[in-house]
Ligand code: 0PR
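As a starting point, one isolated chain is supplied in structure tokens, in the form predicted alone.
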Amino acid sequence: MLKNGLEKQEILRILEEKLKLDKLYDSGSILGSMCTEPLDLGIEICMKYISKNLGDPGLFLGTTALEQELVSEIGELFGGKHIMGTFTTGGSEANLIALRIAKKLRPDIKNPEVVLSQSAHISFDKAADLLDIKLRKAHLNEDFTLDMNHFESLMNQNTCGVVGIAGTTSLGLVDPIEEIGKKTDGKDISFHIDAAFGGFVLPFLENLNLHSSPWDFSVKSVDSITADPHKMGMGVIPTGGIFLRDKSILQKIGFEIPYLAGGNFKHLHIVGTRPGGTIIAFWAILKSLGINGFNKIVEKCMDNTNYLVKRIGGIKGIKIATKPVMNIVGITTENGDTICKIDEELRKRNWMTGKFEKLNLIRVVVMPHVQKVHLKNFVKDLENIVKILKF
């Protein structure tokens, strides 16, 4: 640490130099990220209210009320009524909260287990490690969808929770939520939906008549949903959320915080201090865009997704892993050879995609910052790489 502080201009100069290593969303090379550049209005609002701390809600009554208004609005978007919830640091914290709820609501189970797909996000492995829960992972079919027969066979007397995925990390696929729900009907088992990515895509796909499979609170067995505004919600990073059907959960298993300046309260969070600015920003984003604004964003992303799928179909040696449900495209080899060499060559050309070695695919997430010209350049490089590698 310096003895004497630097002048502002010198600090800015140093930062500018050091941060040149960072990739920028508008460069067009980031094709594997599930985050994007936040809406300008969101950035402006977040900075204006940067000091708001929802970790002490008694001090910030207006921000707390606004959060609950936002939760209610999103709950309705997700097919629910009188939904409660809270905003988190992201999907990982939200999924950890969901698994904690599943375990705490079944204290009679000495060795708790949760059943979910092999394509579930790594956050569930983290949560299981922290909570001492055993994960039982169901196989995937050849088209990467969930094998429901195997899923059901994994459920037993130790099952405290099951998870359905509405937008898998690898391919954006949606598990058969209604079918999973039928397996939990009449059983004391928590049913959580991980829609960290799909939460702010699927409702608008439905508006565009591009998806019709029920995935949210419209399925009566669904107890909770994770959804991340900082993904397709165009929100400021980090902004996640968990939404719950049963309002009594907070009183049943919430953490009691007695010492805050704003007074005693209960919460479900893993973290204490919570930024209020990001939540206020997302409230503003929803008011600014409205349903029609999100429809347009999702429609453009899907148009670019379909363009990429068509172009990949014309390259001999590679293929689409499975038909996209939303704006995520998986690319694999036709003959089953490893995708790793292609991934290495793409990175040499500055393309940042996601690699899933176990599934032998690379992932392109067609976020709002991804333009058609970026995809044209990507396909051109990809075609040359496949020819050079002789797939």
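Sequential numbering from 1, following the sequence displayed. Given the structure is predicted, the values throughout are model-derived calculations rather than measurements.
As for the form predicted in complex with the named molecule, it is not shown, yet the points below apply to it.
Choose from 41-49, 65-73, 334-342, 27-35 the stretch whose residues reach within 4.5 Å of the named molecule in the model of the complex, heavy atoms counted.
Of the options, only 27-35 has residues within 4.5 Å of the partner.
At the 4.5 Å heavy atom threshold, is residue 121 in contact with the named molecule in the model of the complex?
Yes, contact at 4.5 Å.
Give a yes/no on whether residue 90 approaches the named molecule to within 4.5 Å in the model of the complex, heavy atoms considered.
Answer yes; at least one heavy atom of residue 90 falls within 4.5 Å of the named molecule in the model of the complex.
Although the named molecule is absent from this view, report whether residue 175 comes within 4.5 Å of it in the model of the complex, heavy atoms only.
Flag for residue 175 set to no.
Using the partner position in the model of the complex, report whether residue 196 sits within 4.5 Å of the named molecule, counting heavy atoms only.
Although the named molecule is absent here, residue 196 would touch it in the model of the complex, with heavy atoms inside 4.5 Å.
Heavy atom within 4.5 Å of the named molecule in the model of the complex: which of 269, 230, 103, 274?
If I apply the 4.5 Å criterion carefully, the residue I get is 230.
Among 86, 169, 221, 304, which has any heavy atom within 4.5 Å of the named molecule in the model of the complex?
When the named molecule is considered in the model of the complex, the option within 4.5 Å is 169.
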